[in-house]
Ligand SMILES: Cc1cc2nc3c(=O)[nH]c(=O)nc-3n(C[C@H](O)[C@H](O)[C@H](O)COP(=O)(O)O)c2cc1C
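Presented below, as structure tokens, is a lone chain in the form predicted on its own.
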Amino acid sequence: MRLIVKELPEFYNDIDKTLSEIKSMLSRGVNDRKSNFHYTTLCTVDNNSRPQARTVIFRNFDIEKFYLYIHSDLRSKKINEIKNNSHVSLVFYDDKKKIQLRMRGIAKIEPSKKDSWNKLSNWSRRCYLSEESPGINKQEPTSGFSEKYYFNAPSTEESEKGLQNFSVIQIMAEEIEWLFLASQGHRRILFDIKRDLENIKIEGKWLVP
């Protein structure tokens, strides 16, 4: 039985091309809902030193500074977790390309960020109009917001009330660990991001998969 060998991508044995692929996949993940990088797993540590993970939407990427952004309700538990311990990690996985990214960095909370809020549709703003904080126990199933918005988006004027609950989480990447799965042999690289004021330097080194 002969092993079928698939053509390997250009980045397979090239650190610089791998970094370019990472930037391309992250950039696409922001705007393309069909991209597997449109969603990511955010990992934090709670007040009892227990790991917490949740899937979030990847909202923005600064390709020059390697800052990543997600949105959150200011009343959610992850906000307090980040305030108490700003060290977080993100995990991305593309099951078609067989690529995993594990990213470690420092998170910063930006409350009521107007320019990001203005990019949201009124339907998306509806999520921040919940009457009570996310995670509160209830006796009956609930969406959190009033019946008025069950099937209808709020008007722009009505939606503005949600801005007080809206925040952007900025994550300054410090390390990126790349894993590419291939039948010919996996490839793993650790990228270390060093910062000097506004400049960054990214150095990669091969790891045993």
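Residues carry their position along the shown sequence, with the first being 1. These numbers come from a predicted model, not from an experiment.
The form predicted together with this ligand exists for this protein as well; it is not shown, and the discussion that follows is about that form.
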With this ligand left out of view, choose which of S155, S143, N152, T55 has a non-hydrogen atom within 4.5 angstroms of it in the model of the complex.
T55
Looking at S124, S86, S112, S76, which is the one with a non-hydrogen atom within 4.5 Å of this ligand in the model of the complex?
S76
Is Y39 one of the residues lying within 4.5 Å of this ligand in the model of the complex, judged by heavy atom distances?
yes
Contact flag, S72 vs this ligand in the model of the complex, heavy atom cut 4.5 Å:
yes
Which of 178-186, 23-31, 55-63, 158-166 sits within 4.5 Å of this ligand in the model of the complex, heavy atom basis
55-63
